[in-house]
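Two versions of one and the same chain are coming, encoded as structure tokens; call them structure 1 and structure 2.
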Structure 1
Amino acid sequence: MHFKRTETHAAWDRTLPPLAVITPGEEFTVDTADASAGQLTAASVSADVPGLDFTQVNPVTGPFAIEGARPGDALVIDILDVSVASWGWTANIPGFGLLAEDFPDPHLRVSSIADGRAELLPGVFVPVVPMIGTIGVAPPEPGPHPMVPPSRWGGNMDIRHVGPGARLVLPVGVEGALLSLGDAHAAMGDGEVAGTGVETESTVRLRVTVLQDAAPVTPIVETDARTQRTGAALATTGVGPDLMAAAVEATRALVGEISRRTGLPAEDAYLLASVAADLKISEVVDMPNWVVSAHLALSYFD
């Protein structure tokens, strides 16, 4: 099954009718719109940025009902492939981004994407490491819920490690989970400091399975060694409006996963995290919720 990038929604809502019912284990393919929902094009310039209609941004394709998924289950999402378009955009949007006070003016750069790299600026190339910025399930609380902030149900987490070869584990909040995804990036740094990556359309091939009664407290990612700058790791997350609380939440989740998967006592798992795990600020711009992730090499779980 192949779903089109026009079949999107712009808020999380448990009452949205699913586009399709997906059988666990089957592969399906999803085209995603860019984060501007087509408002920006390869011909856009900085002056077009202030005109963006924010009610349309970060559209996600979906939702997909997953057969048999029930609240309290874990939804295991294998990202088999993410292919990106031949161009992307990166912008400073006034009022948005970590240095919003320093950069009050709109600024847009359009990258051409070819041969595994994006030309962000004339002569400045960034390696293409495709990722899915927004992927989540419907929150159980009545909606609509806005698209920009991520939550424990996923959404706009902007974790750059959610790319080809990665496995994402989300808690299921409603019957059928109601999975949606979009907001692909051809490249992004941990933090996404200006609020945008190389924003692009994409085609994502994926497969989902359901683990009964195994919902994680917050999303978990098993990263792929192809992910730039880090190898294969288990990454737990903390999501919320305070970076310190998110760091505590991510670390607590990692210590729990180490204990659960290896049988180590929690106090030893904590020491292992201290000497071998890395805390990353995955995003610090999707107001008002930030994501901290705690990464430990998958080899420790063998």
Structure 2
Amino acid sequence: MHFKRTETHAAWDRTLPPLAVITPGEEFTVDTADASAGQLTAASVSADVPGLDFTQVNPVTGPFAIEGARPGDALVIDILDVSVASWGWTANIPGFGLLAEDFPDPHLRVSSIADGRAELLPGVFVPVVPMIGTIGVAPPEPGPHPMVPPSRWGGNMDIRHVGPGARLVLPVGVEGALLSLGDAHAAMGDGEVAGTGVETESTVRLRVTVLQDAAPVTPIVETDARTQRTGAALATTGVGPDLMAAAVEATRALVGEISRRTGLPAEDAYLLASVAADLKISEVVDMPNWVVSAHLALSYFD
């Protein structure tokens, strides 16, 4: 079965009618819309960003009822393949992102995607590592619930490793689970610090199974080697008693270092960090201060 991206919704709600009933073990294919729901196009410019209608963002295709899934069960989702479109967008949206205070103005970059690379800036390529930003099941509480914040039931988790070969395990909250997915990225850094990756349309092939009475407390991901990134990197740090403040400090330092070493404007350095750098909690045992580090491959400084 193949489901088109025209069959989407923009809120979580247990009362939504399913597009189809999926038999456990059956493979099916889902087309997903980009995170702007088509409001941004390959011809868009920075001035178009403030006009985004946030009631439409992060649309997901679905829901799909999974035969036999009951509250308290575990829904096991195997991501078999993710293919992405030939272009994507990355934006700084005013008021959104980790460094929103530093970057109050809209900024947009449209990437061309080909041969396993996305050209974020002229001559600056990031490897395409497709992932699904938003995937979840219907919450048992009466809705509708907003699409953007994640929850125990999944949703807009933006876990970079939920891509080809990965397995995601979600708790089932309602009869049939009501699985939906969307918000694919051609590339994204851990933390997605500017609030966007290389946002794009996608086609996802997946398979679901049900484990009775095995619901995890929170979502669980088994990663695949295809979603990993390795290589020499520069890491800036944030140190202090508050992990969020440390994350801001590490990211701000990385943006500054990118600009200093490459000459890129700070706005573009910020977008590059969002799609290619990884935020990591490096230390949480040496109280009262913790360490967050922001890693970017040294190849971007060549």
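Keep in mind that what you see is a predicted model, and the values were worked out from it rather than measured. Think of the rigid core as the biggest set of C-alphas that the two forms share within 1.5 Å after superposition. Counting starts at 1 with the first residue of structure 1 and goes up one by one along its sequence.
- As for origin, structure 1 is the form predicted in complex with a further copy of the same chain and structure 2 is not.
- When two forms of a protein are overlaid on their rigid core, residues whose CA moves 2 Å or more are considered shifted, and residue 17 is not one of them between the two structures.
- Relative to the superposed core, residue 270 undergoes a Cα shift of 2 Å or more between the two structures.
- With the core held fixed, the Cα of residue 242 is displaced between the two structures by 2 Å or more.
- Core superposition places the Cα of residue 281 6.6 Å apart between the two structures.
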